[in-house]
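In the form predicted alone, a lone chain appears below as structure tokens.
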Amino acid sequence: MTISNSVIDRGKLGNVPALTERADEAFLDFMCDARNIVMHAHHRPISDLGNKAIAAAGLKPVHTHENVAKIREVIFDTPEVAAYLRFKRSAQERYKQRIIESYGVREEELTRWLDDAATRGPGTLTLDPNFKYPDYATVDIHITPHGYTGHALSGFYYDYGTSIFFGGANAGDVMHASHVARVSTPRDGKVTRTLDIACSVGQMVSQTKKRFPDAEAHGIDISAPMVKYAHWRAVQQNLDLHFAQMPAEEMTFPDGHFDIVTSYLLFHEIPLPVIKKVLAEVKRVLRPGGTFTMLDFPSSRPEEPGYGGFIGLMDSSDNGEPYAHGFVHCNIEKLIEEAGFKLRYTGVKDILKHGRVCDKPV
């Protein structure tokens, strides 16, 4: 441990820097457990109560924002459902604010860490000082103040915050390691260059490099704070990764440059017109025979029309997911095929297991 500006550097928890005070960690451990107990363990019975309230009110399960507004009024008259949804929103607001407050005490020091690592290797970091963020990228996504683009410490906030969001299940990036282990390779088996789009803090890229150590691994994100943190994180792990600030809908890579492209939970966070542009760009930068694996929400399914089926719509407002509804209902499989890809799997179970595996024709 070191002492800087009278604040103790408490080391790391896995790959993420520890918070400033042990009390901060204790509070967030509590919030993580509380979310697991209240939200995850009770999702099914709360869904059943919501469905009964919807049926009793005679409302049809039509997935429109107008109908969801009516359903919201009905289910909020059911005390257990109302408490569940209020807890979900308030808990997320509170744990994120505590992370921001804790790291904020060390903002000058942590910013210096990022700046010092920017020109160090292994790996590289490329930033665009003249980049202008499109409007869709400046919202407070996931009800995070400043979103992913508006604060120098956004990467720190995201990295620690996702450990709480996933209920402590991603310590040491084990979830991302599991995802990468399932990423499909080109049918010819050739993997010399990989790309993760909207890479955030670089968890997928890091695990991809570990799976394919001889391949050149790249990660891009529209957010400068995210790729700066991703590079710092990679330097700490001595991983040779290449990060760049770059929008996935306007990549500067040459045609046919990559064997594998991946995305993790990107497409439900961008508007439909941008989705189409990103698919076109991914196809362009993949070589013939290359493979794109999209890991994201399942599409809306007729067999889940009730309360459970409305969770995604409610997230549009309750969880700061303004574009999730458009993605879930856009028939992404059709858009993938229209972009010129061939899907390896079309069944829901296979897509949930493997992701949407998209081959670029030879």
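All residue numbers are counted from 1 along the displayed sequence. What you see is a predicted model; the values in this text were computed from it and never measured.
Beyond what is shown, the protein has a form predicted together with a small molecule; the following relates to that form.
Heavy atoms within 4.5 Å of the small molecule in the model of the complex are found in exactly one of 209 to 217, 74 to 82, 248 to 256, 122 to 130, that being 248 to 256. Contact check for Tyr264: a heavy atom falls within 4.5 Å of the small molecule in the model of the complex. Using a 4.5 Å cutoff between non-hydrogen atoms, Tyr136 counts as a contact of the small molecule in the model of the complex. Taking the partner from elsewhere, Met204 is found to have a heavy atom lying within 4.5 Å of the small molecule in the model of the complex. Although the partner is absent here, Ala234 is not a contact residue: none of its heavy atoms lies within 4.5 angstroms of the small molecule in the model of the complex. When contacts are defined as a non-hydrogen atom within 4.5 Å, none of Val282, Phe292 and Tyr345 contacts the small molecule in the model of the complex. The contact residue chosen from Ile270, Ile99, Val183, Leu286 relative to the small molecule in the model of the complex is Ile270, the criterion being a non-hydrogen atom within 4.5 angstroms.
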